Ligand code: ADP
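The chain below stands alone and is given in C-alpha cells; this is the form predicted on its own.
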Amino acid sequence: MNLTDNISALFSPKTVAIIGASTHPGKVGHAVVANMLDAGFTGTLFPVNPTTDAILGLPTVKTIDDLPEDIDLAVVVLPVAAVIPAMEALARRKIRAAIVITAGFKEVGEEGASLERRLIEICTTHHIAMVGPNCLGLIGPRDHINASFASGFPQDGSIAFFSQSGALCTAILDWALEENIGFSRFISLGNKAVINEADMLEYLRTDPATSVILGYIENVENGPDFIEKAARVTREKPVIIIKSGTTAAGARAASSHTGAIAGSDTAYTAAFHKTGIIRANDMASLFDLAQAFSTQPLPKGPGLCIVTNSGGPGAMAADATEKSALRVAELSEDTTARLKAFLPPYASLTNPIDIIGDAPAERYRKTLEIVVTDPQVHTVLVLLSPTSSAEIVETAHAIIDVAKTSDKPFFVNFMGGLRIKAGEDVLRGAGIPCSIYPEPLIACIETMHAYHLWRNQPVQDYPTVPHDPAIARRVIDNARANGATEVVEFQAQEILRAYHLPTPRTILAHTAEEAAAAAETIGFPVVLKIASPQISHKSDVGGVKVNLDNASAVKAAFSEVTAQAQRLRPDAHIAGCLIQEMAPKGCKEVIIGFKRDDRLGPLVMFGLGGIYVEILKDIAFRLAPLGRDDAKSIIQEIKTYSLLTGARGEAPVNLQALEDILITMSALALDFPEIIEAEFNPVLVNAEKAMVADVRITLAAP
C-alpha cells in the first residue's frame, strides 16, 4: 500500500480523533472540536484529553493508546515537542490519515526541520496520508468535515481549493462566505511534508464532487511528478493556480545568457504552459475564473456576441474582444433578419447588437433567444446600463431563462452600483458570472476558450533523437575529472557530433602552419577561435578572428590570438585554435540554450541572437522534453518571429532545421543531469539549413 492510497480518509472519514482537544474556547484544540460538531459530522469523534471527561458534550479519551485501532483520521493540535511521540502512538493504532496543525517545524530552522524529517519517516513507514504540519486544516462541506480552526463553514459546491498559505485560506474562505461560493474540498497544505500539491491534484482528478481545482503555491517539491500529474488532470478538469515569487530577487547568478535570463518564475510559467494549468495573476482573476469555470460550459469557439442597451459600452466591449484571442462574431443573414423583424428601426443589428436604452426585459429576452442559436456565436455577453426605463431584475430573469435553454456560456455586465445590485444578486444566485466592467468577463471567456483548445488538442509525441551517448559521456567525464565546470567549444564539438548536430566545418590546429592547412582544406574565408579549456568567453581575450581570406592572414591571426591569450590568461592551457568555415550568406543568428531549474528540470530557451538577446531579451521558454509542437510554438512566440519568416521580401529561414536543434537540445538536457546550463550561440540559419556555430556547456560542481 502507498501512503497516498489513504488520502480518501482525509476527506471522507467515519472516525476522527482530535489529539489535543481542549475545553477552553479560543484554543485551537477547542475550535477543531466545535467546527466538527457545527459541520454536522455524522461519524464518531474521539476528543483526546487526559485531564477532562467531556468536551462540548463529547466523552473524552484519556490517551492515544486508549483509542480503537484503524481510526480514519487524527487531527493533531499539540505543542511541537509532543507531536512526534503522538504520531508514533497513532501509528501503533494504525490510523490511515492525519492532519498536523501544529507549527514549529522546518519553517523555523534546522531543529524544526529535523523534527519534520522524523514526521515524514513515521508517515512513510506506516502509510499515513498526512497534511501539514503548520497548516490550517481541511474542510469538506459535502461530507460535513471541518477538521480545521478556520472561522466559518462554506456551502457545498464543485470547487476544490488547496494552498500552502493558511492565511490565504482564511481570506478565500471569507470571500466565499460573502459571495455564497461553494467548495467541494478546502485544504491547507502547510509544509507539505507528506501530501503535496501533486498528490492533491491526482486525488481531485477522480473526485466526483470536484469540477474545478484552484491552488496557491510557492514552490513544488517534485517537479517531474507535479508536471506528469498536472498534465493528466487538466485533460479532465481545469486547474487554476496562483503562484507567489514572480520576481527575480534572490535568483542565483548564472554564467550564460540563458542562465541569466531564465529565472525560477520563468520555469513555473513554462511548467504551467506545458501542463495546461491556468495561471491567475492576482486574487481578483482567481475568483473570477473560479466562478466562470464552475458555473458555465466551455465556449466551443472564439465567437462572442455582445447584446447591449448602450452603444458606448458595447463599443468598449468590442474593443476588448478584438484585443483578445476572441472575435466579435459575424451574425448570419437569418439572425439579422429575425432581429430586424422586432427591434426598433434605429437599433444596431450588427454585433455588438444595440437594442437601445429604453429596452425592456422582453426585448433582451427575444434578442438573446435569437442570437444564441447562431452557429457563429459561441459565447454571449449581455451589457446593461441602468437607464431610467431599464428593468434590471426582470432582465436578469430573462437572461437566466434563455441561458437555461442553451449549452453556450453567458456572462453579464450590469454597469453601475446601487441600482444594479438586485439584478446582480439574482444572476449570481443562478450561477451567471457578472461584473460591473466588461474587461474581466472577456478575459475569463478568453481563458475558457484557450482551455477548451488545450483539452481537445492531441497529446504530444516526443521524438527519439539519434545520438551516441558514450561519446558525450566521455567528454563530460574527462572535464569533471579535471575539475572543470565548463566544457568549452573545442571540447564540446565532440558532443555536437555525438548528437548529429549540424556544425560549420571545424578543425583544431595546434600550430600556425596547421591552421593555414586547415583553412585550405575548409576553403576561404574562415573564422579562427582560441581553443582553451580555461577560456569560455573567447571575446574577452580577443580570441576570435573572422573573414580570414588567405593562408598568411590565418597564420598571423593564429600567432596574435595565442600570444594574446597567453599574456592575458597565463593560467590557461592553450590547445591551439579552431579553424571554422564562415557562415553562408543570408544567415540569421538565433540562440538556443537551456538552464536546469532545481525543481522543474531543464528550461529550454529560444530567441534571436546578437543584439536581440542582449538588449531586447526577445526570447521564449519551454520545459523539456520538447515535442515538435513545442519546438514550433517556442519559435513562433518571439516578437521578432516575422524576421525568420521572410520580412521585406527576404527568403524565410529553414524553421524545421531550428526545430530539430531545439528538440536535440532538449534531449541533451535530459540525458545528462550534471549539465546545468548549455548554450548554442549563435545558431546560424538561412533558407537551406541551420548550423551550431558556437557552444558552451556548464557542469555542476563535482
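Here the structure is a predicted model, which is why all the values come from computation and not from measurement. Numbers follow the displayed sequence, beginning with 1.
Keep in mind that the form predicted in complex with adenosine-5'-diphosphate is not shown, yet the notes after this line are about it.
The partner is absent here, but in the predicted bound form a heavy atom of Pro504, alone among Pro504, Pro141, Pro313, Gly576, sits within 4.5 Å of adenosine-5'-diphosphate.
Among the residues Ala479, Val544, Ile227, Leu608, the one placing a heavy atom within 4.5 Å of adenosine-5'-diphosphate in the predicted bound form is Val544. Looking at 75-83, 352-360, 227-235, 535-543, the stretch with residues near adenosine-5'-diphosphate in the predicted bound form, meaning non-hydrogen atoms within 4.5 angstroms, turns out to be 535-543. Contact annotation for Glu589: at least one heavy atom lies within 4.5 Å of adenosine-5'-diphosphate in the predicted bound form.
The shortest heavy atom separation between Arg185 and adenosine-5'-diphosphate in the predicted bound form exceeds 4.5 Å. At a distance threshold of 4.5 angstroms between non-hydrogen atoms, Ser163 is out of contact with adenosine-5'-diphosphate in the predicted bound form. In the predicted bound form, at least one heavy atom of Ala583 sits within 4.5 Å of a heavy atom of adenosine-5'-diphosphate.
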